[in-house]
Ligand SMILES: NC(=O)c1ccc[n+]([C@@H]2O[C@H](COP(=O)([O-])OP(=O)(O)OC[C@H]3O[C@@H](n4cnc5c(N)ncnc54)[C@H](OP(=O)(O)O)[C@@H]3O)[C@@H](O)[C@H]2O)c1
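The chain below stands alone and is given in C-alpha cells; this is the form predicted alone.
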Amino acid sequence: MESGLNGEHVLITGASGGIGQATAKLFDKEGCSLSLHYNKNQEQISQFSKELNGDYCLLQADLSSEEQTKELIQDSTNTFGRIDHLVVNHGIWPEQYIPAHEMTLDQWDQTLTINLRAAFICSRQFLLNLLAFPKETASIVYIGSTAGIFGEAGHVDYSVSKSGLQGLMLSLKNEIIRIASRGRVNIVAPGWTITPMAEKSLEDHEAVRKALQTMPLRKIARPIDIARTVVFLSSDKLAGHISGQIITVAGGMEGRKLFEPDEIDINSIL
C-alpha cells in the first residue's frame, strides 16, 4: 500500500538511537527527505547515515535550548524547505531504580527537561515552520512509552515525562488545525523494545520473563515495529483521519498475568 510520503520532508529528533535509525530507514525507503537530529552521538549517526539512499542532512542541537532548536529548524528548512512531519523521538531513561522519596530534584529536572520541555520547544518551532510555509497537511508523532500509561516504579521522572506528552498531544491536535487544517498529532507508546537504551534492563532475564507473562504475543518489540507505526501515523494517505490517539506497541501488554514462567522461552526471544 502506498503511503504517499514520497517527496515529503521529515525531521526526526534523536535519530542516532535504535528507534530513530529504524524510523529514518523506513522514511528513506518511502522517498522522504530527512533532517536527522543528534546531540552527542555524531560518530554513530554519521556511520548510520551512510546506509541511507535518499537526501538527508545531519543536525546537532541541545533541544532543551530554544535558541539551538530554532537554529536547527532554520537549517532544516534552508536545506529541504517546509518540514512536513515531525517525529519527536529523543529522550533519556535513567537506568538506576530510584524510589520517588530518594530521587534528587536534579534527576527529576534533567529528565523532564530533556523528555518534556524539549518536546514542547520542538513542537513550538515546528508549528512556527508551518506558519511560514502554509499547507493543509502536517503531522507530529511523539514517541511515548507504556510507562506513561501504566507508570513505572523506580522511574517516576521518566513516567511523568512520557505521560506529559499526552497532555501536549491532546492540546496541540486542536491547535495545529488552525495553522494546517488537516494537521494531526499522535503518540506511539512502545513497551519493552530491544534498543541500546534498554540493553542493561534486558540483561535481567527474570524481569523480562515477568513482563512477557503479561503479553499475549510473548515477544519483545524491535525498533522496526515502532518505526512502522510512526510512518503509518505520519502518512496522510494511510492515517489522515487519525489524530489525538495513543497507539501502544507492546504486544498487547495490559498488566494481567497470562502465562506461567515455564511458558516463556527467553532464549528464543532475546
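Counting begins at 1, following the sequence as shown. Note that the structure is a prediction, hence the values are computed from the model and not measured.
Another form, the form predicted in complex with the ligand, is not on view; read the next lines as being about it.
Novice: At the 4.5 Å heavy atom threshold, is Gly183 in contact with the ligand in the model of the complex?
Specialist: No, Gly183 stays farther than 4.5 Å from the ligand in the model of the complex.
Novice: Phe120: heavy atom within 4.5 Å of the ligand in the model of the complex?
Specialist: Although the ligand is absent here, Phe120 would stay clear of it in the model of the complex, with no heavy atoms inside 4.5 Å.
Novice: Taking heavy atoms and a 4.5 Å cut-off, does Gly251 contact the ligand in the model of the complex?
Specialist: Result no; Gly251 lies far from the ligand in the model of the complex.
Novice: So in the model of the complex, does Tyr158 come within 4.5 Å of the ligand, heavy atom to heavy atom?
Specialist: Contact with the ligand, yes.
Novice: Among Ala61, Ala227, Leu34, Leu233, which has any heavy atom within 4.5 Å of the ligand in the model of the complex?
Specialist: Here the answer is residue option Ala61.
Novice: Pick from Asn41, Ser49, Ser243, Thr214: which has a non-hydrogen atom within 4.5 Å of the ligand in the model of the complex?
Specialist: Of Asn41, Ser49, Ser243, Thr214, the residue with a heavy atom within 4.5 Å of the ligand in the model of the complex is Asn41.
Novice: Spot the stretch among 125 to 133, 183 to 191, 73 to 81, 97 to 105 with residues whose non-hydrogen atoms come within 4.5 Å of the ligand in the model of the complex.
Specialist: Residues of 183 to 191 come within 4.5 Å of the partner.
Novice: Which of the residues spanning 144 to 179 lie within 4.5 Å of the ligand in the model of the complex, based on heavy atoms?
Specialist: The stretch 144 to 179, when checked against the ligand in the model of the complex, contributes Gly144, Ser145, Tyr158, Lys162 at the 4.5 Å heavy-atom cut-off.
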